[in-house]
Every structure is written in C-alpha cells, then in structure tokens.
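Below you will find one chain, with nothing else, as structure tokens; this is the form predicted on its own, and questions on how it binds or moves follow later.
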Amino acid sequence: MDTAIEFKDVTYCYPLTKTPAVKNLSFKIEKGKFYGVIGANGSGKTTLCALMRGFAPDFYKGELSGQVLVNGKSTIDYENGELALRIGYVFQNPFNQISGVKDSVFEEIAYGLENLGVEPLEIEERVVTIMEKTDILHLAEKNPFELSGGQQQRVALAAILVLGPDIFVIDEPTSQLDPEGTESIFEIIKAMKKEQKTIILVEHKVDLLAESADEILVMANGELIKKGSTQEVLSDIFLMEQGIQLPQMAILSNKLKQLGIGLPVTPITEAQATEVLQKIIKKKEGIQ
C-alpha cells in the first residue's frame, strides 16, 4: 500500500525549550487507513499532529531534525497553503477553527472554497452535499457561535471535508462533547473511512477506536512506544503500566484471567466479548 505520511528519525523542540516534545520518530502512515493515536496527556500527540500538518516548525518555529514526508515530499518544501489542500486538520476546540467572519453555517463552510477561487455554483453544490453528509443542512442559516459544541465540531469537520483533502489529521474532536455529540462525530469519521480517506485521529475514548481504527499508535514521553493493528495494541495489558487507557473489555478480560478464567483471545469490543463468551458457553454445553 502507498505511503501517505512518513516520519524519518524526527525530533522536535518548541522554541525556548531544551527537552524535545517528540523524539526519534520513525514510522509510516499508509493511504486509506484509519489510525488512532493514544497516550497520556503531554505524551506528544498534539505535536505529532502539528508535524504532520506542517505547523511545526513553519508556524510554531522551534528546531526540527529528521524529515516528515507527505506524499513523498518534505513538509518544509511545500509552499504556503499547499499542505492545506492535501491534509485537513481538525482542532480539539472548534472555536479555534471557526473563522468568526461569517454569520451563517453555510457561509462558514463555503469560506475556504471562496478563498480558493472556486466558482459560486460549484461552491453551493459542494457545500450542500457536505452539509447533508454531516447532517447539518438544517443549521445552514444559524450563526456558528450559537450552536452546541457537537454542532460546532460537525461544522468544523464539514469546513475541512468540503475542501476535498485525502488525508485528515483530527486532534481529540470529542474531548468536550457529551455521548450524543461524540457519536455524531464518530459517524462522520466512519463515513470518511468508507470513502478510503487516510485518517489520523487523536482520541482518549479508546472503546470507540477499538470499533473502527485499523491501527493504533501509542505515544509516551514524546516517543512512539508501540504501533500495530488495533487488536494487537489495545489488547496489550502491559500498556496500562505506561498510563495508557485500554478498552473496558480488555480490562475485564485481564481481571477474569487473574481470577483463573482465561479467554482464548482478549476481546477489545463488546461485540467481540459476546462472541468469545458464546463460543465458550457452546463448548461447555457440548461437553455436558
């Protein structure tokens, strides 16, 4: 599979700091896959995202060693604004993304296309299509700052989706949302996955990642300490010693193991746990 983003021995320090925010990062992000990024607060997740998008060192300055490649080209070699057409970046707080210069949701989503000089008819078609996909068409005439947090985050996502990038870097979009708002955001992300977009999602809600992500990257103290399939990573109980939260089903499986009730595999989702337990029950019924 083709590579979308590659880190080659990357270490980065913010200005006026001596300790690297991230260090010794070498890995690849493949096109069309959904990656979850997890780790404790301060582990380097947001800096990782900033490096992918080219904000570091271009905007934040600081010192970068190694290379971050997007579609085979170093981020520092892209022209101003060029990366924005290839990578959609969604901030943790939608207030940081909404422009504040438009009075309606429709105009807010259209703003980026206007800046690119897209024809008005095409803008209208693309905006309406994206608003339908993100279920916010009924909010078209609302002021973005009068919306709920979940609605604002969907507007922020729509404003990026409408530009048509193939890669999305999304930094904790549900951190300030209730369960309903969280579910609405994940539905959009799942739809993006079906369209084979490349998705890098920083998220603390690992149970939701367990259901959707293809691979997981684990950050700790600025380093990538584990990368692999979602099943492999989120069933690794030893990660809890690093302060990494695992899915509830994996934790339950470990507790059962401690009680002498071993499962053939460590489930990471409720559906998987149900399947495993049903097989055990059927096997015991067959023996009896």
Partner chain sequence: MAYISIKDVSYEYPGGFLAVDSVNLELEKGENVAIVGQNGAGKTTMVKMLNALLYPTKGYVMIGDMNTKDHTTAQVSRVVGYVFQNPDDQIFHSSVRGEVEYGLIKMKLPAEQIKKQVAFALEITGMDIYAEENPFNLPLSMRKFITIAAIVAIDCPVMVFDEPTAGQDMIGNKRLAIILEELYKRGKTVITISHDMEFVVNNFSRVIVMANKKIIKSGAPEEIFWDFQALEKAMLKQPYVSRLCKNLDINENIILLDQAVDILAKTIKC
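Positions refer to the first chain, counted from 1. Bear in mind that the values here come from a model prediction, so they are computed numbers and not experimental data.
Keep in mind that the form predicted in complex with the partner chain is missing from the display, and what follows is about it.
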Inset, instruction - Work out which of the listed stretches, 49-57, 225-233, 63-71, 33-41, brings a heavy atom within 4.5 angstroms of the partner chain in the predicted bound form. - result: 33-41
Inset, instruction - Counting non-hydrogen atoms within 4.5 angstroms of the partner chain in the predicted bound form, say which of Glu125, Glu132, Glu180, Glu119 makes the cut. - result: Glu180
Inset, instruction - Please check if Gln245 has a heavy atom lying within 4.5 Å of any heavy atom of the partner chain in the predicted bound form. - result: yes
Legend entry - Proximity of His204 to the partner chain in the predicted bound form, heavy atoms at 4.5 Å: yes
Legend entry - Partner proximity in the predicted bound form: Val265 to the partner chain, non-hydrogen atom cutoff 4.5 Å: no
Inset, instruction - Decide whether Ile98 counts as a contact residue for the partner chain in the predicted bound form under a heavy atom distance cut-off of 4.5 Å. - result: no
Inset, instruction - Can you tell me which bits of 1-34 touch the partner chain in the predicted bound form, meaning any heavy atom within 4.5 Å? - result: none
